[in-house]
Ligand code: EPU
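Next up: a single chain in structure tokens, the form predicted alone.
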Amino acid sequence: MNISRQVNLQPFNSLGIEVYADYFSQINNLQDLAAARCFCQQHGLPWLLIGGGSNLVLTDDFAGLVMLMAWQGRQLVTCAELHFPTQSAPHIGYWQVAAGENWDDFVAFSIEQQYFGLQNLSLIPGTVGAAPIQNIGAYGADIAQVLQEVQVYDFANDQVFYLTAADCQLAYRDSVFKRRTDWIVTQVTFALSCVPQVNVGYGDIAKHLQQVIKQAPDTASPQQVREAVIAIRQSKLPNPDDIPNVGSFFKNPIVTATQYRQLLQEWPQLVAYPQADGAYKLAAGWLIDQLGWKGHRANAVGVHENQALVLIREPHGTAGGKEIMQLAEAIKANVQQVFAVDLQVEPRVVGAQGKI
């Protein structure tokens, strides 16, 4: 494992924030992780693992070791080769994918190989390793529907173990990895269908497909669904290469049925989605938009003009993570004051010693 000193992290986070890591290394295998662990222990250093850097706000230079997950590899395995063997299903293929693989590249690859189930998750930024951590989801699909098992490295104890999908405790934008921060995802296995299947229940997908293929949306191919999702995402979310951002900055808040009804009386156009337990998930972007934040600019940061959930950094400005978080806190306080709703920040916020 090669370790570099004083590395600029600007290329490794989608906000393009210029902060420096005291030490930096790439992780290509388990041996690199074990070596990194020894290095941190010997020097008493904090550590930070990053993948695509698309869910990360860096507020300071990092006074420790930053590890870039660069582990590559994809392979189709049999039921017997799984760590938790399961009954063979003729229409299911199991793909083991290394954590450093680009997520959207793997989605495209899976469709090319005639394995389906990921097309609604197209163009989500980041790496495969981040998928179960975030329980990524979009357009009526999420990782929980196709996750088979996960290989994990315990950075605290130098141990490798496996988790089933149930062990990952997946929930809305949540998983066990948010609480067990020493657990590093190193490999993810997906159960994908060899039978073409499409999920077009999400309204935007159906509408787009009707306009493009000129026939019933449920007759679309998985590739056509992927293309629809890409087109929709590109129309709604700015490309970080052009406008630095981390995508949706806030989680959609969940409130009780009582609180939902109270809000609805004052805000009849309130956008909300009923949950299985009787609660309601509110559209955070709608709440922010009602308060006039869309298009706001100050101190070289702002809110995207087309999407109130996306906080941006001016591409050539000098603003950093602190300015982004000051804006986020102002929005949170405004939403709390007006709606009595607590917004939670979606990306990881990391300071000099680690997660804030």
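One rule holds for the numbers: they count along the sequence shown, beginning at 1. If you're wondering where the values come from, they're calculated on a predicted model, not measured in any experiment.
We do not show the form predicted in complex with the ligand, though everything after this point is about it.
- The candidate site formed by Trp47, Gly126 and Lys178 is entirely out of contact with the ligand in the predicted bound form, as no residue has a non-hydrogen atom within 4.5 angstroms of it.
- Within 4.5 Å of some heavy atom of the ligand in the predicted bound form lies at least one heavy atom of Trp286.
- By the criterion of a heavy atom within 4.5 Å, Asn252 is counted among the residues contacting the ligand in the predicted bound form.
- Of the heavy atoms in Lys236, some are within 4.5 Å of the ligand in the predicted bound form.
- Of the heavy atoms in Tyr115, none are within 4.5 Å of the ligand in the predicted bound form.
- Here the chain stands alone, but in the predicted bound form its contact with the ligand, taken as any heavy atom within 4.5 Å, falls in 236-244 among 150-158, 236-244, 91-99, 212-220.
- Proximity to the ligand in the predicted bound form, defined as a heavy atom within 4.5 Å, holds among Phe106, Tyr260, Tyr139, Trp183 only for Tyr139.
- The listed set Asn199, Thr189, Gln224, Ser248 contains one residue whose heavy atoms approach the ligand in the predicted bound form to within 4.5 Å, identified as Ser248.
- Scanning 158-197 for heavy atoms within 4.5 Å of the ligand in the predicted bound form gives Tyr172, Arg173 in sequence order.
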